[in-house]
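Just one chain is shown here, as structure tokens, and it is the form predicted alone.
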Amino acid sequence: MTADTLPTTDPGSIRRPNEELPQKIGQLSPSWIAFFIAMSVITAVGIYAYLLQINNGLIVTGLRGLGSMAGATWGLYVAYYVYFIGVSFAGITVAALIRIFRIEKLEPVARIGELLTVVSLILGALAIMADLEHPWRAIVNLFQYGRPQSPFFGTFTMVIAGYLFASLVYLYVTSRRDAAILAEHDSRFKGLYRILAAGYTDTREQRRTDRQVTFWLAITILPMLVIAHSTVGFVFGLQTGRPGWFGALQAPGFVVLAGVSGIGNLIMLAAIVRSATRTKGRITLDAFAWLGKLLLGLLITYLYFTAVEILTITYQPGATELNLSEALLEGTYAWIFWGAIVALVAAAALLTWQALTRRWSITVVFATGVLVNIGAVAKRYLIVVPSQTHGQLLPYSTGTYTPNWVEWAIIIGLFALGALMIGAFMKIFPIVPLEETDSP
């Protein structure tokens, strides 16, 4: 056996039979049991609400037709579809950048980002399914009548199918080494680890091959991400007959806000993982400082886009644009709009202060993650709804839209389902990549 085929893993990292697995894998404390029960109950309520909607139609929601029915056909479901797809952007983007530029400080959060992307894409797909009164019929029609030149076609194929598949492959390839290490030890998940390892041997040559594969996967995924999220923006930005949607900034605005909300979620999830597992020594303050700087750059860019957007809709607007701008700035949606601006500006101010003073705090960075996601959810809602209720070109009366309990139950149920998926992953597999000398 040559030196190149010898395992390079430190012998201390090889766990003997019956030893405890790292990061509390397989351990269910009372708090974890309570968490799983609570999330399961909330998910069950969401499923009940969805079944009610399937049986009775969208009439049980707050959605109504445009114009004569004075409502909105797109509401909470579409707003959160856009939000979930946006959250998925930063997770895999950060993971890809880590692999390409070998940013060691961020390596411990790479798998968290990859998992966040996969879960968010699944939730986004379910959110858009909830918006369709007959989801299975819509899937069949996509294959029969889909037009490749339509942004809607790109949304369902490139974003939900291609993007999700690429993210799953990336997560799998970067997880094989840990699966092979854990498969060497007796545990209830030994069989699963062997299947995931798929013959992986922890040698120098194997690591070199995996680094090359993940590098080229990252190179391939990055342009796909930009195209996919731009396509979601085109669904709105190319609708010339809808004031507030048609514009060249929609696609880049969607990409940048996706990065803002995604990195904000990655920060929050990394902080939770750091506290819930034995990884405080791995996910360090430096990782949060890196993420905070990335978030600040994207946040400043998006605030600039927002300023341009406000100027555009208020500078000599037409009649319909005037109605829309008044509804956003001082009317029905003003509290949502200015609440979003305050949240985003406050987050930018906190991050700027930390960057200038070089006094980074995990608690403060976590707070900025919460703030930017409040702002992102509000902005997604404002992108979708006001242009339907207050952006009519035909002489219809002003519309209204208020989500009811069915819509909220389904959306909250989706969040609970996402929490269940992430929690289950943490109890089965290391959510932070193992070090070569990782010991239990």
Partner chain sequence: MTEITRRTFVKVSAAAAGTTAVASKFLFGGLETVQHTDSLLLAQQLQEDTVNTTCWIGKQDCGIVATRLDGRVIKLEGLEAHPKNRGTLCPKGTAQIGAVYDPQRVKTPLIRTNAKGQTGEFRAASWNEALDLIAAKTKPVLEENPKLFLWQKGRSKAKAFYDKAFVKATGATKLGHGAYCSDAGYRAAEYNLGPKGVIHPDFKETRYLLSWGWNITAAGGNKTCWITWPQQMLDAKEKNGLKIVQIDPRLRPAGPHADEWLPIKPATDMAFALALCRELIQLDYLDKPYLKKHTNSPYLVGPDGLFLRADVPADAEEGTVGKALVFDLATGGTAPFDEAEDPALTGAYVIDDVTVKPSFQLFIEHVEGYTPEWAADICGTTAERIRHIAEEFGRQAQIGSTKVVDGVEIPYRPVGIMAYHMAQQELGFQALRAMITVAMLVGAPGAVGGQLVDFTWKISSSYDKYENLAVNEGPYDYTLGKSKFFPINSGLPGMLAKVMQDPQKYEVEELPKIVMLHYVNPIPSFASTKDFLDTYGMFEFVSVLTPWLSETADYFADVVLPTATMEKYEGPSSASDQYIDGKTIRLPVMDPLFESRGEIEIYIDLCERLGVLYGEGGYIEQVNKNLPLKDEFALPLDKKPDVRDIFDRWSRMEGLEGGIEYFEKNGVWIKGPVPATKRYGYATEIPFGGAVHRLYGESLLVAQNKQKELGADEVYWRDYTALPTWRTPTMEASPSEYDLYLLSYKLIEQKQMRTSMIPLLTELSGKQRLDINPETAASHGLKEGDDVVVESHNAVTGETRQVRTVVALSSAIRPDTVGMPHHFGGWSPKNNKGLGPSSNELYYTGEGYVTCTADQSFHVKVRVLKG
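Residue numbers count along the first chain shown, from 1. The model shown is predicted, which means the values in this text are computed figures rather than measured ones.
This protein has a second form, the form predicted in complex with the partner chain, left out of what is shown; the following refers to that one.
Engineer: With the partner absent here, would 54, 133 and 136 each sit within 4.5 Å of the partner chain in the predicted complex, counting heavy atoms only?
Structural biologist: Yes: 54, 133 and 136 each sit within 4.5 Å of the partner chain in the predicted complex.
Engineer: Which one, 29 to 37, 46 to 54, 408 to 416, 369 to 377, holds residues whose non-hydrogen atoms are within 4.5 Å of the partner chain in the predicted complex?
Structural biologist: Answer to the contact question: 46 to 54.
Engineer: Using a 4.5 Å heavy atom cut-off, state whether residue 140 contacts the partner chain in the predicted complex.
Structural biologist: Residue 140 belongs to the contact set for the partner chain.
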